[in-house]
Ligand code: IPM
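Next up: just one chain, as structure tokens, the form predicted alone.
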């Protein structure tokens, strides 16, 4: 337990500053004058690149590395790219993932009260699983090192290591053991999502998964091919408890999962290593609505709750875990009272949502 925790706040692009400020406001209200959190803001992102030619300044990186946790808004603006055509804003998250070894990208997929799922006859509580996305390897580790030959052939390499797979899979079993199990049957279950029937890299992922599963016989385990997974997430989401998968597959199926619970505006994420963590919503920067006061802050606020839970567990600080539970409860109580943002079919502004959460937490 520490007396204080340093939180590096990087607002980023588009609606990033609005949702990030919303989360900080609610956190300050939750703790009051005795807050153990110390916030400091640092620049990074596509807009900073446009202004300075640098998307992630060294001073910002060093501050993030030294912080107890990092809270991020959103990154990227269409059309602001590096000379190689890749998005400027993505440097922030990708560099932190690889250089701070944030190997587990944990994305809760939960249908909350008051939110309508696009899936027929599905209600709150029917969808409640976690996707654990390996965050430091896979296809995305090729960023910056792929090859483009004579404008005719492009090559990127998918890399997976035993260490990378094993630690991510162990995190998945750890999360399952701490959970209430799948909504449909209460079974604590870890599902390996891969493409082992076609590619050796995924067959290797599955083989390491099976080795870890044998060490956890109290937790059920199974395999699902990624193409079938996209179908099962729609047709029987209540079956799943924890899903573990490679980097790119995790990116794709977590967005599909978010669509089933009302959209990416309600989808938090926690990217953690052994002693560092980055927390941000799964949505993008939505520059078309930036500055209009209608951005959905729930995803970033729920990510802030994940940050508190992780810090509380890491440092054995019940102050943080208790506020995390209060914050999650406040969101669950606020949504059914028609505090729905525009993307959820409502008319409530960002400020009104923040005000209600501050009053009820």
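All of these numbers come straight from a predicted model, not from anything done at the bench. Numbering follows the first chain given and starts at 1.
Quick note: we don't show the form predicted together with the named molecule, though the next part is all about it.
The partner is not drawn, yet in the model of the complex one stretch among 225-233, 238-246, 183-191, 132-140 has residues with heavy atoms inside 4.5 Å of the named molecule: 132-140. The named molecule is not shown here, but in the model of the complex it comes within 4.5 Å of a heavy atom of residue 97.
For residue 90, a non-hydrogen atom is located within 4.5 Å of the named molecule in the model of the complex, even though that partner is not displayed. Among heavy atoms of residue 251, some come within 4.5 Å of the named molecule in the model of the complex.
Counting a residue when any of its non-hydrogen atoms is within 4.5 Å of the named molecule in the model of the complex, the one hit in 100-132 is 107.
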